[in-house]
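What follows is one chain in C-alpha cells, specifically the form predicted alone.
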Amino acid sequence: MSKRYDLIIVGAGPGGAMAAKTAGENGLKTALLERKKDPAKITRGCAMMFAIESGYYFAERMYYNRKNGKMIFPVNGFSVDYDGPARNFYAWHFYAPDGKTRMAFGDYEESIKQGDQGRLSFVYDKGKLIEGLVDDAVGTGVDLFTGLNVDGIEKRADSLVVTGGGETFEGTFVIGADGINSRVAELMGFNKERTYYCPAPGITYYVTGLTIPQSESIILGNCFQPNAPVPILFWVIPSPYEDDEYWFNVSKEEDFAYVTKESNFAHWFAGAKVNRAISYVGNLRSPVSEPYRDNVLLVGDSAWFGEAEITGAMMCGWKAAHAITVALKDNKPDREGVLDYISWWKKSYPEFDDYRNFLMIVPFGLLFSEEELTYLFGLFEKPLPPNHNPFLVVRLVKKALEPMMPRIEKEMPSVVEKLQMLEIDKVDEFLGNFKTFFES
C-alpha cells in the first residue's frame, strides 16, 4: 500500500534538495526520491560554477558571502548555507587556435589583486552543497528514498501516484527536479511540445600539473584538428577540490588527446596528470512553455534548455515548494493554487532572456576558420568589461566590434559575413545543420 504525501520530489540535486528542505521547514509531508544511492556523489561532469555574480541572472542578483558561508539571493529573499571550498576566477578568456591570441572579459591582473571583491565569480563543491541541503531536509522530517528510479506517474482524481524501484508513492503534488534528461518531463508529456536540437555529450577531466597563463580564469579554447569537419571547443576552469586542479571539458576522448598533445595548447599540458574523468550526455531542447501539468511542477534544468544552472535550480526549488505550501493552505491543490510559481518561472527564465542567446555561443565557436578567429580575437587590444553572463557574450562582442566594422570589411570581409550570421533567429537553422555532427 502506498504512503500518502503532500509532496513527492523526484531528484535530489540542488533544485530537488532545496525544494525538500523548504517543504520540510514549511511542515509539508514530503518524500524525496533519488536514483543514486548517495545524492551528494557527483557522477556527471559539472563545472560547478556559481552562476552568476557579474550581474542579474534569472532576474536575481545572487552572490556569495564567504565570511558568513552563505549564498545570497536578495531579490527573491532567501539564502543558502555553504561553507565548503570556493575558488575564485577573475576573467573569461576566449583563445584563438594559435594558443596565444585571446579575447578577454575582465582585466585579470587588476581583478586578482582585489581578491573576492575583484572576482568574476567562483567554483564550489556541488556535492558538499547537496549534502548540506539533503541533511537539512531529512532533519525537518522529509522521507529520503535513494537508489530508486522513477518509472511511472499516474494522475488520479485527487492525487498523483509515482512508482519506481518496486515502490509506490501517492501525493497531492509532484516536483520534477531530475535534470536535463528529466524522466518526469518525459512521462508527463512535457517534451512533446519542445523542439529537440541535438544530444550534447562531453567528458570532464580533472587535471593537475597545468601551466596556464592567467590560470584563475574561465577559458574557452578553440583549435582545428586536420581534416576534422568542425573545430574542437574546450573549456578549462579552476576546480574547487585542489588549488592546482582544473576542470577540462571536451566533447570526445580523442579531442582531449589532440588538445593536450598536438595542438598549440599542448605546452600547457606537458606536466599534466589526469586525476579522474567523468562523462555525461545531455539533450538540448527548447524550454517548456509552462512548468506545470496535472499537479506536476518542473524545476531547474528539467524545464529549461541546458545545464549549468545550479543556482537557478535552487531558486526554482525554493519558489515551487513555497507555492505548493500556499496552494495546500488555501485548499487549492491545482494550477490556480500554484500560479505564483508558474508566473515567477516565466518572468525569471524565458521572459528574462531568450534561451537562444545562450546557444549563440555554439555558432560563435564553430563558424569561423582558424585564420578568421585569430584575426577576430586579435582586434581586442584591451580587455572588455567584466562579464560572466553566457546570454550576453555574443551580443557584447558584436557591439564592441561595431566601430571596427569598416576596418574588418577592408581587411577580412569574410568575418563580417559570418558576424552577420550570428543572429538569434538563425540559431535553430545552425544547430539543425550541425545536428549530424553532434549526434556522432
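Residues carry their position along the shown sequence, with the first being 1. Being a predicted model, the structure only gives us computed values, none of them experimental.
Omitted here: the form predicted together with a small molecule. The next part is about that form.
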Stretch in contact in the predicted bound form with the small molecule, which is absent here, among 255 to 263, 112 to 120, 98 to 106, 176 to 184 (heavy atoms within 4.5 Å): 176 to 184
Taking 190, 290 and 337 as a possible spot, do all three reach the small molecule in the predicted bound form with a heavy atom inside 4.5 Å? no
With a 4.5 Å heavy atom cut-off, would you call residue 280 a contact of the small molecule in the predicted bound form? yes
Please run the contact check for residue 126 against the small molecule in the predicted bound form: heavy atoms, 4.5 angstroms, yes or no? yes
Though only this chain appears here, would residue 216 touch the small molecule in the predicted bound form if you measure heavy atom gaps against 4.5 Å? no
Though only this chain appears here, would residue 149 touch the small molecule in the predicted bound form if you measure heavy atom gaps against 4.5 Å? yes
46, 397, 408, 379 - the one with a heavy atom within 4.5 Å of the small molecule in the predicted bound form: 46
Please tell me which of 33, 28, 62, 373 lies within 4.5 Å of the small molecule in the predicted bound form, judged by heavy atoms. 33
